[in-house]
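To begin, one chain is listed below as structure tokens, in the form predicted on its own.
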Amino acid sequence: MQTELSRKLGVEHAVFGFTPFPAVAAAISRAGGFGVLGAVRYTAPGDLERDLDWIDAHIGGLPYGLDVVMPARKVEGVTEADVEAMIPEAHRRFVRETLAKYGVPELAEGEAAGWRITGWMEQVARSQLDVAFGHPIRLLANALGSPPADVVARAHERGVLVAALAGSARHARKHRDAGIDVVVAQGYEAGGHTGEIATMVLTPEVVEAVAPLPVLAAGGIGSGQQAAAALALGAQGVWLGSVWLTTKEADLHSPALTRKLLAAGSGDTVRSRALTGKPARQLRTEWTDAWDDPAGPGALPMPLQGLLVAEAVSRIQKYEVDALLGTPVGQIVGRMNSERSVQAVFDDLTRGFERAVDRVNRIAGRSGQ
């Protein structure tokens, strides 16, 4: 599954795997793909340093990348406390009442509330970059538009390619004009923050809009046949995220959540603002229903919503409250029916890709006779 971009990066298969788990990122690269570690959960530079050190020690010198969430415009002098003060009391009360309705226990006294969405903040994202550029990353991806111009320049000075996600051809052209090297066309089916255009429609539009820049297709891709379709649409690779959540190397810390993912069908996700304030595809739960209900207060804009619900999400996950328990995941969850190793996922991808290419070649051969 080779393309010009995969050859440039020195990987066997043009499969780019986004994951929050270092062990999964390393396994993706070892299997012949390109592992990309998501950095948004790291609020302490030392934690990111530790995990990148671990990847360096377990990846065998193979290439990998980092994904950050960084605004294109600098936001100076805004602290987390400043943002917290903007959250209305009515929304805090709604969270308390919803958790009480489902009997969600409190965290123990002094226990940390878990991950808080602060990676969007200027100082946090830049501290992540300070760490990352001390490691042999080959790609820096940004999930929140094009990174600031000085960050793009800093990456290029180190020979690091810069990628950015786009949900429309208009977004993709902005990335091209900002000096981005790779555009990820993320369709409606994808997990996490997505736009409203399906991958089958979006990919060729973005390919045409930014040519000759390489484009990766994302959203609704979890088989080799789908990867072949993406390349047929002009993409130079595929960007996969959801499929790794149920791999053996993943560390969800929740058997109940893994069971829900394995049991879910492709219709069991929803684009909801419940998690971050921006539409993000995730498992549909009674938690997302509560926030999407017109009778409720509605989600706050990003990043207020993420800070508001951080402790609640930690409590739901810790106590595995089934009705409320969810995670960002794409519609491809309907194919995620068993726990497999990352290598097994790759074996299935490559076999499916070969079958799809052989099928098209047979059809093309017959039509040419």
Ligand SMILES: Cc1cc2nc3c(=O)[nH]c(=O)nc-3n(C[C@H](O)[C@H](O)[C@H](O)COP(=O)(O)O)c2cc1C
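When you see a residue number, it is the position in the sequence shown, counting from 1. Not measured: the values here are computed from a predicted model.
One more form of this protein exists, namely the form predicted in complex with this ligand; it is left out here, but the text below deals with it.
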Taking heavy atoms and a 4.5 Å cut-off, does Thr327 contact this ligand in the model of the complex? yes
Is there a non-hydrogen atom of Val40 within 4.5 angstroms of a non-hydrogen atom of this ligand in the model of the complex? yes
4.5 Å heavy atom contact, Gly145 and this ligand in the model of the complex: no
Although the partner isn't part of this model, could you tell me whether Ala190 comes within 4.5 Å of this ligand in the model of the complex, counting any heavy atom of the residue? yes
Which of Leu165, Leu202, Ala235, Ala227 has a heavy atom within 4.5 Å of this ligand in the model of the complex? Leu165
Looking at Gly220, Gly277, Pro214, Gly195, which is the one with a non-hydrogen atom within 4.5 Å of this ligand in the model of the complex? Gly220
With the partner removed from view, which of 26-34, 44-52, 327-335, 57-65 is the stretch that lies within 4.5 Å of this ligand in the model of the complex, judged by heavy atom distances? 327-335
Contacts with this ligand in the model of the complex - residues in 220-255 whose heavy atoms fall within 4.5 Å: Gly220, Ile221, Trp239, Leu240, Gly241, Ser242, Leu245
